[in-house]
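In structure tokens, one chain follows: the form predicted on its own.
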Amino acid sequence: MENQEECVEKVYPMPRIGDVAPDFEAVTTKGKMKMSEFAKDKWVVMFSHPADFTPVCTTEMSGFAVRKPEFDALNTELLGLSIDSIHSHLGWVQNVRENTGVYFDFPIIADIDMNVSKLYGMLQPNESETAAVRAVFFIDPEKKIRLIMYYPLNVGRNMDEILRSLDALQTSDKHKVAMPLDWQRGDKVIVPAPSTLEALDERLVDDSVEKTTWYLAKKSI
């Protein structure tokens, strides 16, 4: 009699902000890679798309490719993924290059066995059981997941928001501050609120920050 446990599909927990990025080995359009060893000392933006040779995905991947220099300037490597073979990826890359002049010059994971998609919660059955949703994972140089975005199959991502979020995360880390609504580079940032009575009294007389009230204060950096 077949072991009942063998019939139960393994359930992967959804990755969460603050988790170490689940490790894996995969074949990509730039050769084999291992997540824990990929892009040492750099940030990684890993993103999935539902399928090669599809219209929305072509616009998105082209967006990442065209704006790759902006990710380079933020010390960030791009890493794509879909549940397609390496030959499909290569054919799509060449097709887009021939027809638009845009070259996807970053690794794209061939996740034909769906291992990485399952590991990162990219397969969501109410959307599709065989195509990855449009997920974006922001992973810092310590391989910790810092931000996650999920989009459905029929809605393309916003490249400005992806770059803005990446810049905000890095700026927050560097200056130990928080970002207000709609923050853009050059805008004022939020300084931490006082956590003691002494710090509260200091904040009340601190003219170096722009105070809306004692717990909401901004400064330029």
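Since this is a predicted model, take the numbers as computed values, not measurements. All residue numbers are counted from 1 along the displayed sequence.
The next section is about a form of this same protein that is not shown, the form predicted together with a small molecule.
Stretch 52-60 is the answer when you ask which of 52-60, 30-38, 160-168, 183-191 has residues with heavy atoms within 4.5 Å of the small molecule in the predicted bound form. At least one heavy atom of L153 is located within 4.5 Å of the small molecule in the predicted bound form. Among residues of the shown chain, H89 is not one whose heavy atoms approach the small molecule to within 4.5 Å in the predicted bound form.
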